[in-house]
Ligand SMILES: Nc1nc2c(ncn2[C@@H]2O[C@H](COP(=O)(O)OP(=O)(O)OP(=O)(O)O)[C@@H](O)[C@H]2O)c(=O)[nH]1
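Only one chain is shown below, in C-alpha cells, and it's the form predicted alone.
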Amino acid sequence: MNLKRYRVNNIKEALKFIKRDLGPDAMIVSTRQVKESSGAFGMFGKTMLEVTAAASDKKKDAAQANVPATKALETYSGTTETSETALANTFLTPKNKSVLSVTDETRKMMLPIQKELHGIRLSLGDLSSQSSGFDKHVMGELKHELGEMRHMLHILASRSSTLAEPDLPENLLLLYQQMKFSGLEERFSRRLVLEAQRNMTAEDIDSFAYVKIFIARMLMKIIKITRGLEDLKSSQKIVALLGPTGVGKTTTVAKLASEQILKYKRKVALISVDTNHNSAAGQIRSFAKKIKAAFSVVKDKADLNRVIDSYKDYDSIIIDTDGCSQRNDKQLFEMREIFDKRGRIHNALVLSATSKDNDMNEVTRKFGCMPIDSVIFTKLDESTAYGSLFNHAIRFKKPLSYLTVGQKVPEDIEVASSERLVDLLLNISGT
C-alpha cells in the first residue's frame, strides 16, 4: 500500500495535499496531534496535525462494494449528528430501496480515526469538571478537533458509497430532479421520493400536482420553525445575533428592532458587543438615535450583564455582535466567554442563504461552541437555490426563526414558516 504522511495545520489542508499526491480516491489511515520542537526543551512548539493517507485500490473496492446500507451506517453512526442515521431518525426510513456500500478496507482505515475520537471524548470528560479560562480554551480546541474528525468520517463514508439512480415514475422523477437542482442533497431528495412512492397509489402518482403537494407536506414536517421572538417564554425578550462577517447581522438587528416597535408597540433597547472596535457599533448607535431607542456598547460578559440589568424596564433587548470568522479561534473564544451559557439570552445564528453547504456546516459547527437556539437566514433575495436551507435544517435540527429578503428596514424581514420555505424549494405558488 502506498502510504504518505503529512504535517498540516488542519484537516482541510491535509485533504488538499492528499488529493494532489494520491488522487481523489485516496483514504486517510490515521491522524494524530504532534508538537514541533521549538524553544527551550521543545516546550513552545506549534501543535500540528499529522495525517497518514494511502492510495485507494479501486479494483479491490469495486469487488467488495456490496455491503448493505445498515452495515455501512454502523461504521460511523453515533459519531456525528449529521450522519444518515440521524437523518433517518428525523424523518424518513426507506426500506432497502437504495444501497450505500463501504468496503472492508475503508472500514479498517476508519478504525484508527474512531479510536482517536474515543480518546478525544475521554479528554473532554476529564476537562469538563475544570473551570479556568485556559482549560475552557483547551476543551474548545478539542471539541473543534472532534468536529473536524467527524466531518472527515462523513467524507470517507460518502466517497465509499455508490448510489444508483432511482427507478421512478415520471412525476416523482421530475420532483426528484427539481429538488436536486435546487440544492437539496441527493440522499435527502432520494429518501423523500422513495417514501412518497411507498405511500401513494399509482393513480395518485399520475397527478403531478398531487405528487408535489404530497412531497411538500413531507418537507413541512421536517422543518422546525419558531414564531420569531414571540416564542420566547420570558416576558422580556432578549436576543443576540451571532455569526460570521458579512451575513447581515447589523441590518437584521435594525429590522428586528423596527418589528418590535412598529408591530408590537414594545419599548426596545439595543446593545452592541464591540470587542474589535469595528464600525458596526457606530451603525447601530446611529439607528438607535433615529428610532429613539436606548443604546449601549459593551466589551465583555460582566459589562453585558450589568447593561441588561439596567434595561429591566424595556420589553425587548436586541444584541448585535462583532462579525467573527469561524476560523478565528481567538475571537470565537472571546465570544464564547460572553455567550457560553443557555439562559435569559436567546442566541440566534445568522447565516446567508447564498453560502455554500460546506461553509454553512463549518460555521454552524464552530459557532456550536455556544448554545444556538435558532437560525436566521438572510439574503434570500440574492439566491436562486434554497435546498441548502433544508440541508442545514435536516443536519443540525435547529429551528428557523426569521428570513430576510432584502436591505429595506423594516420591510424586508419575515417570521420563518414551513409553508414559505417549501414554496421556495418547490415553487408551489407558481405551479
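These numbers were taken from a predicted model, which means no experiment stands behind them. One-based numbering along the sequence shown.
One more form of this protein should be noted, the form predicted together with this ligand, which is absent from this view; the next part is about it.
Partner contact region in the predicted complex: 378 to 386, out of 365 to 373, 392 to 400, 47 to 55, 378 to 386, criterion any non-hydrogen atom within 4.5 Å of this ligand.
A heavy atom within 4.5 Å of this ligand in the predicted complex is found for exactly one of Thr226, Asn171, Gln283, Gln197: Gln283.
Of the listed positions (Gln260, Ser189, Thr251, Ser296), a single one reaches within 4.5 angstroms of this ligand by any non-hydrogen atom in the predicted complex, namely Thr251. When contacts are judged by a 4.5 Å heavy atom cut-off, Gly343 does not count as touching this ligand in the predicted complex. Taking non-hydrogen atoms only, Thr245 approaches this ligand to within 4.5 angstroms in the predicted complex. In the predicted complex, this ligand stays beyond 4.5 Å of every heavy atom belonging to Asn10. In the predicted complex, at least one heavy atom of Gln407 sits within 4.5 Å of this ligand.
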